[in-house]
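In structure tokens, one chain follows: the form predicted alone.
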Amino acid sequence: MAFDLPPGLTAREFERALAAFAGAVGEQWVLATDEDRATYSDHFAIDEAAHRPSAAVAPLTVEEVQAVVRLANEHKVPLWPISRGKNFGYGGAAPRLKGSVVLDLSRMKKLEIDVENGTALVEPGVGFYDLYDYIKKNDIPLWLSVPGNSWGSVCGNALDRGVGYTTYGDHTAQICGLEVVMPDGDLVRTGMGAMTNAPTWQLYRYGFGPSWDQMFVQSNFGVVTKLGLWMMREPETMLGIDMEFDKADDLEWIVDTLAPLRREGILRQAPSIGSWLRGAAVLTTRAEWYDKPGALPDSVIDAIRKKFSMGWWSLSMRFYGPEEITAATAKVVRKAFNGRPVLSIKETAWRQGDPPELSAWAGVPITFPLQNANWHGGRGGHVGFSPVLPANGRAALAQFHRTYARYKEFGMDYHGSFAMGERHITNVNQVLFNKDDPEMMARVDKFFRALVDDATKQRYGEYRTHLDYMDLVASTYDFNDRALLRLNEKVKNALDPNGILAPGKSGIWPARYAGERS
């Protein structure tokens, strides 16, 4: 298989760089075969070749990361850091700049837990299953917050603004203290970690002077090698209310019912209002119901909903803490929904001493939602489109109708949800596809760009996106001739004059690779 070299390098220069990396990490941890390049490609991409790396290098220690970064500067090799490379639908392990060398941190698996203060310090290779197993093995009374597909990195997920199901579900907001290898190979600890052996590194975010933790979220300003995270203590009780709603237009009043509960702190967990396909796509496949092109007709949707007893929308809420508090909260929530056209309601209860509830609501890692990639059959995949909008029912319903119309226009099945923040909604849309269907794949890019265009006209921006669309989404943040992007690139060029760390990440291009911008 022919492959693309890092831009600007000859084959001989590239081989010398790989030999230098091998001297730092060991020859077996420089991965440069055709099979390796395929392994680190984005298997959900419309065009896998567009982001194929030239090689990968997998250090074990912070010192090895520093050595690799310094060598990359010496040899002018662009690196693409990954934690575990499991962020499917957004790029997986693949680099934004074709021919980059993947800096694979998945071998770095050290972790520490402060049980008394409820914090963890993890290296990038620590996955959610690793942390969960450690907690269970050591009988630690802490719960994780896990994303819908929990096979990835705890560190990587927090750094890409991943979310979970508990009151600690805003994972980025739980970051407290980072260790970072800078683009020149220097090593920095943020916050209280800037004081050697400070016992407060994972307890107080800010330290003294400017606070830098969020600078390394979704950025290409450094390589995070340790991340501090606040965790949730095992609650006395967990009460749940699950609801189904019959009509698509119920979305407006559902949002308006939930929004004040979130703003006032009554609902501390971020509930998600999911469409029928979010549930159905992990239970069945499209071929069992319909074999014609175009979006599913309402008659088929109704049949699927009837089969699985689901509403057009579903909503799950969980309340954690002492029983006096969870019971009172559930009572307030039930009152808010009294008199509303709820199709069905189910209540659950867990108390300390009960058998573990094996669900993401209880911090247990899961992977079954990835089954939705099989909806169309073949080599299934998806790409996510997730604009942020106000927590307002009219705004949510209008966004739904615009998006639903686009799904129908492009002959795709609607898979959407509305995650309720404290004062915002993230409208998460999955575009499910079959990579073995050329006609379908030909529609995906135009469909995605139409969704971005519609949201931009409403002044709604995406909070993260696939590699293919990083430049497009960055361009929508257009205040004062894209002043934020200009600031990001000033910082990038100051910290990384050789442009070696993740060129193009989040639309941030160093001067050296400015010609590679879409």
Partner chain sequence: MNRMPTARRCALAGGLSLCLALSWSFAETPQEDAGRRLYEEKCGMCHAAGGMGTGLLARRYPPGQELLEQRSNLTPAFIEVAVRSGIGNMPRISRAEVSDEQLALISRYLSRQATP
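Numbering follows the first chain given and starts at 1. In this text the structure is predicted, and so the values were computed from the model without any measurement.
Another form, the form predicted together with the partner chain, is not on view; read the next lines as being about it.
(message) Since the partner isn't included here, can you check whether the partner chain sits close to all of A38, T285 and A373 in the predicted bound form (heavy atom within 4.5 Å for each)?
(response) Spot residues vs the partner chain: full contact, yes.
(request) Could you tell me which one of A281, V122, A270, M243 places a heavy atom within 4.5 Å of the partner chain in the predicted bound form? (result) Residue within 4.5 Å of the partner: A281.
(message) Give me the residue from S316, T367, N73, Q214 that has a heavy atom within 4.5 Å of the partner chain in the predicted bound form.
(response) Of the candidates S316, T367, N73, Q214, T367 is the one lying within 4.5 Å of the partner chain in the predicted bound form.
(message) Even though the partner isn't displayed, in the predicted bound form is W151 close enough to the partner chain, meaning a heavy atom within 4.5 Å?
(response) Within the cut-off, so yes.
(request) Give a yes/no on whether R423 approaches the partner chain to within 4.5 Å in the predicted bound form, heavy atoms considered. (result) It does not: once the partner chain is placed as it appears in the predicted bound form, R423 has no heavy atom within 4.5 Å of it.
(message) At 4.5 Å between heavy atoms, is P199 in contact with the partner chain in the predicted bound form?
(response) Contact with the partner chain, no.
(request) Report whether the minimum heavy atom distance between P260 and the partner chain in the predicted bound form is within 4.5 Å. (result) Contact check for P260: no, nothing within 4.5 Å of the partner chain in the predicted bound form.
(message) Counting any heavy atom within 4.5 Å as contact, can you tell me which stretch out of 345 to 353, 83 to 91, 178 to 186, 199 to 207 lines the partner chain in the predicted bound form?
(response) In short, 83 to 91.
(request) Scan 414 to 452 and write down, in order along the chain, each residue with a heavy atom lying within 4.5 Å of the partner chain in the predicted bound form. (result) Heavy-atom contacts to the partner chain in the predicted bound form: nothing from 414 to 452.
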